[in-house]
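A single chain, nothing else alongside it, follows as structure tokens in the form predicted on its own.
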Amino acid sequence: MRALLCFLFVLFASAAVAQDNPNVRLDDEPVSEVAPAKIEARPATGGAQTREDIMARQRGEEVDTSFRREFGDPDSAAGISNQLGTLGGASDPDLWRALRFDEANITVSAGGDVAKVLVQDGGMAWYQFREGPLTKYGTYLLLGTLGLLVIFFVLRGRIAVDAEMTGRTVQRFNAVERFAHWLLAGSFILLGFTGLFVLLGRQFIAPYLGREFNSTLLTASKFIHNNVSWAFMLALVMVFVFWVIHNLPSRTDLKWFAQFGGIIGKKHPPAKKFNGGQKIIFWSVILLGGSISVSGLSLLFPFELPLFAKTFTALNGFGVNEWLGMAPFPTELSPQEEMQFASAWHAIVSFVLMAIIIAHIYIGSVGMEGAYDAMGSGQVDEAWAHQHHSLWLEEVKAKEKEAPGGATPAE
């Protein structure tokens, strides 16, 4: 009997509310249009969020929030001797709206400016991007790259040395160059795996290996990622200094690209110390690796090295947003927003560079006979050098003749 009475009471109360307010419905049908009367009533009600706002947000529509940025009414504040009334004419909802839109006058005793940001709903958009498109398309990119390389290997096979090996070798890279390469390669592999663990751990590791294992793995990954990054940046500078002079574009690159490095035709195109494909790899590593390093530093020191507010200001100044038909990019960002933009950019560029490096690893290992020797022992057979870098081999031979006693000079 009591359950029946409760049901009848809820039913009558709902009917009464629906009769008093025609905009309230008992079904789940969304309200498509905002009632003009409700818009006019917002200032009087302190700008309370409406059901229409909520439904519009769920449909992905843009909601005008400018009217919510005026908080409180000092003229209606209670007198100093009156203990009732709102402080400064602002109610609790006013305060929370001010916090959400970063309009509240916050004073903190510790933590600096970052501690003043108590509500920052932009993190939800970042989280949805991170868990959705970033994870989805980044994974597709890496798996797709691996799949294409497998298909290429099946169709083309390993690129062999056409002529018989001579047994005579020339120095391709000296010890310092090889150290810089392997420091860059090793640190990038560690950074790539630990970064993927942090990004994908919640979705792909925790459900199968448990949350405890995932937590331990991600804690270790964060420590490794933050510290190995310094080795990566050091090696990036070393590689740039050693090889930038050899990776400047030249006319020989055009012929190399025309033959796709020897894939088209029977002859291998001439090349200097680095061919056209290697130059693409080099500049991809330098430019994308440099961008990853800068965004990584911004993540390590978000309050000292804000990156995107200044970048967006410059883009607006050049009119890039107008070229793209977009509204001006935001130029006033909280430290949290700076970290969200930096994190997204850091991951996007890292995925692209990982795909490029996967192709580089393939060519330097199973994809080409004799390629690993260049970075393994540093010595390559003359037959291999003549096939892939004939112009460079001619330069080495010329230096050998010029050297006293015919000794091979150091590279």
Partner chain sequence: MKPMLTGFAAIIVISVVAWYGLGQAGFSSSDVHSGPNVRID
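Residue numbers count along the first chain shown, from 1. Treat the numbers as computed from the prediction; the structure is a model and nothing was measured.
FYI, the form predicted in complex with its partner chain isn't displayed, but the following is about it.
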Answer among 250-258, 280-288, 132-140, 301-309 for heavy atoms within 4.5 Å of its partner chain in the predicted complex: the stretch 301-309
Mark S187 yes when one of its heavy atoms lies within 4.5 Å of a heavy atom of its partner chain in the predicted complex, and no otherwise. yes
Within a 4.5 Å heavy atom cut-off, is F101 in contact with its partner chain in the predicted complex? no
With a cut-off of 4.5 Å between heavy atoms, is N227 one of the residues that contacts its partner chain in the predicted complex? yes
Should A231 be classed as touching its partner chain in the predicted complex when contacts are defined as heavy atoms within 4.5 Å? yes
Its partner chain is absent from this chain, but in the predicted complex, do A175, F179 and Y372 each have a non-hydrogen atom within 4.5 Å of it? yes
Between the options F318, Y208, Y127, F223, which residue brings a heavy atom to within 4.5 Å of its partner chain in the predicted complex? F223
Report the residue, out of V244, I106, L183, L148, that has at least one non-hydrogen atom within 4.5 angstroms of its partner chain in the predicted complex. L183
